[in-house]
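Heads up, the chain below is alone and in the form predicted alone; it's given as structure tokens.
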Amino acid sequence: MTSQTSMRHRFLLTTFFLILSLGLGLAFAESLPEGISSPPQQAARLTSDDPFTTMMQVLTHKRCVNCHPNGDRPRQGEDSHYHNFNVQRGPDDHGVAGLQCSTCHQAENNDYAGVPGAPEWSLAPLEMYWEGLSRVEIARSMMDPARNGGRNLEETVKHLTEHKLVLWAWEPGVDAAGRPREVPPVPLEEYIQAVKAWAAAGAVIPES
């Protein structure tokens, strides 16, 4: 074997190992366990959700939509069935005479009976229905003073992040069988930060 051929073989071998090392390194980065830093491009991919998307993961969850029905009957349960006992909205969104929301729903959960509770338990006004709407349609509705109770942006953010009935979604207690109710897919503090970040950036609603 000539010296030139030997050098060519060494070059090809070195190139092969460099490519192999790079491939293994990328594969390893994709499978890094929690707590270990990943390359910048991987970190960007993992945190690509924008504040609007994060916020709407909560607002489209059953814990919210069950109380924003498209009609006069609230939804309940993990399958969002119609409320038991033919409960109706009533003239002020608190139920009909003799069957007010407060008859069963108190200011806190009753885990013995499996009845959820929070201050000001009620249905959202009918013009604020979210059931059946897309996330964009929900956002447009909640930002429309004609449908959101006349709230401006600051008041809407305050409602979404401070109202105790809204925050109840993260502490929904257990059902009548003692099973914990499902909470929204975003932790409370992360949700609050997303709402405020979205508002601070101009409360832009995407096209889809």
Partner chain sequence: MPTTFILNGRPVTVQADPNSPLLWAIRDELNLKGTKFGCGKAACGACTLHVDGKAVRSCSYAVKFAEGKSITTIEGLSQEGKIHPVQQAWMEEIVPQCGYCQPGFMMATAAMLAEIPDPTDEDIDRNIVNVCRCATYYRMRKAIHRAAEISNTPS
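Positions refer to the first chain, counted from 1. None of the values given here were measured: they were computed from a predicted structure.
This next part talks about the form predicted together with its partner chain, which is not shown.
**Asked** Thinking of its partner chain in the predicted bound form, which stretch from 94-102, 119-127, 74-82, 132-140 has heavy atoms inside 4.5 Å of it?
**Response** Of the options, only 94-102 has residues within 4.5 Å of the partner.
**Message:** Whether A146 contacts its partner chain in the predicted bound form should be assessed with a 4.5 Å heavy atom distance threshold; does it?
**Reply:** Answer no; every heavy atom of A146 is more than 4.5 Å from its partner chain in the predicted bound form.
**Message:** Can you tell me whether A176 touches its partner chain? I mean in the predicted bound form, with a 4.5 angstroms heavy atom cut-off.
**Reply:** Although its partner chain is absent here, A176 would touch it in the predicted bound form, with heavy atoms inside 4.5 Å.
**Item:** Residues of stretch 105-140 in contact with its partner chain in the predicted bound form (4.5 Å, non-hydrogen atom)
**Value:** Heavy-atom contacts to its partner chain in the predicted bound form: Q106, A107, E108, N110, Y112, A113, V115.
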